[in-house]
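The form predicted alone is given below as one chain in structure tokens.
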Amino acid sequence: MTDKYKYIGPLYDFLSTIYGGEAIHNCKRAMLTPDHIKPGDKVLIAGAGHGKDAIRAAEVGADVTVVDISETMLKKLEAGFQQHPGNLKVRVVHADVLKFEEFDTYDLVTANFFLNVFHKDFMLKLMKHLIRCVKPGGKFVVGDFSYPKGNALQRGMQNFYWYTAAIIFYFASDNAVHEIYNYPELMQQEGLTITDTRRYSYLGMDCYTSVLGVKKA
């Protein structure tokens, strides 16, 4: 398995904080609260990231599974667990998400700052796959860059902000460069009902949005 984050992975937390302050971290943890998960719920997190979302879900009492193809990011995740004072119930799976087939199993599945790594056709394939992992009546969450809105200047600034990050990660880890995805619209097209949306600002812009959709029971 190719680890595209072998070199940039050690800088992931630093770059995330520099680029988005606490807004990115808050967006990733937005829906991992007692409002949406309860002790014993099964939660699947696609992409290890900095691990704070996995820790938050485990702190609430969820039975957490994290799937990532990057060994570098999984090592960072496990290092974060070791620094945590409590015993966290987290299963770490080193695998391609498309080969992870625990369908209709999870009360909540997150794909925070994960789907934007891919071109649209492949991203949609991944989204459909992850939604299949949600049990009927369960929840699917995407936290990511906000779809541009407002006047022409505001939309232009949001696009500039996104493309700057996309280009950096293109050269650093060969991630895809593409338009900002309209996740609420795409989630509704997959049959999900949007029940919660939370926005996070940075540098005076509406930069990040967390969207929760419910799968039909």
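From a predicted model like this one, the values you see are computed outputs, not experimental measurements. Residue numbers run from 1 along the displayed sequence.
Quick note: we don't show the form predicted in complex with a small molecule, though the next part is all about it.
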Per-stretch contact check against the small molecule in the model of the complex, the hit in 149-157, 44-52, 176-184, 57-65 (non-hydrogen atom, 4.5 angstroms): 44-52
Contact flag, L192 vs the small molecule in the model of the complex, heavy atom cut 4.5 Å: no
4.5 Å heavy atom contact, A79 and the small molecule in the model of the complex: no
Close approach of C133 to the small molecule in the model of the complex, 4.5 Å, heavy atom: no
In the model of the complex, V97 touching the small molecule (heavy atom, 4.5 Å): yes
Residues Y12, N112 and F118 all lining the small molecule in the model of the complex, heavy atom within 4.5 Å: yes
Heavy atom within 4.5 Å of the small molecule in the model of the complex - residue from M73, M127, L108, V90: M73
